[in-house]
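Just one chain follows, in the form predicted on its own, and it is written as structure tokens.
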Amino acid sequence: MKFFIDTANLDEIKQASELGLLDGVTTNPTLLSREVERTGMKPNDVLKKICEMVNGPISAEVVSLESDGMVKEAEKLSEIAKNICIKVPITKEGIKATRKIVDKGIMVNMTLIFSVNQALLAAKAGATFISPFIGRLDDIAHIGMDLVEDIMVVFENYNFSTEVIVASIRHPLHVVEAALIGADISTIPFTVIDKMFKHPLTDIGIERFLADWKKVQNK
């Protein structure tokens, strides 16, 4: 499974990148606006910096609601770096824009997927990636990971090349479940990446090893 980090925070991306595990980054207007406020940088400068830090796909989302506007934004954003991936919402206008953007050789991450039908439409339109939002489905008493499992079955049935990015991850168990299903990618908040390292038995084991070694050193 590929690991993306779901943030625009340059400090978090730097720390995660230093682990040697990052395959890409996903941002959205909310995450990007937070980093702009935090750093005082311009949005495109933040995206450019992220692209320099991580070699994999860097998702940058359009804000236009009409296909022509989305395409124009995609063209502008793609000038930032070769690894920019355009995040497009799953709407009729978004579907029309996706086909045009992909035909220009630009990656597309179709976002806000909440149903198999939406995933199927995105794959048919040629999206490079799709992002089902599992945490938001969990919030309304649906099992978000069931959607991922169904999408994976449909994509395998028809050999779609579109990769599935499990998004809106809330905790480490979501990552485990996505991996068990065989999802292509999980995009994970920095706080969740940090939690994935932790286990009380690991901490206890290290403490005991160090304590035993200290006894030997004192002899």
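The numbering used is simple: start at 1 and walk along the sequence shown. Only a predicted model underlies this, so the values are computations on that prediction, with no experimental measurement involved.
We do not show the form predicted together with a small molecule, though everything after this point is about it.
Engineer: Given that the partner is absent here, state which listed stretch (164-172, 62-70, 43-51, 177-185) has heavy atoms within 4.5 Å of the small molecule in the predicted complex.
Structural biologist: Looking at the other structure, the answer is 164-172.
Engineer: Which one of Lys104, Arg136, Lys76, Lys82 is close to the small molecule in the predicted complex, taking close to mean a heavy atom within 4.5 Å?
Structural biologist: Spelling it out, the residue with a heavy atom inside the cut-off is Arg136.
Engineer: Using heavy atoms and a 4.5 Å limit, would one call Leu31 a contact residue for the small molecule in the predicted complex?
Structural biologist: Yes, Leu31 sits close enough to the small molecule in the predicted complex that at least one of its heavy atoms falls within 4.5 Å.
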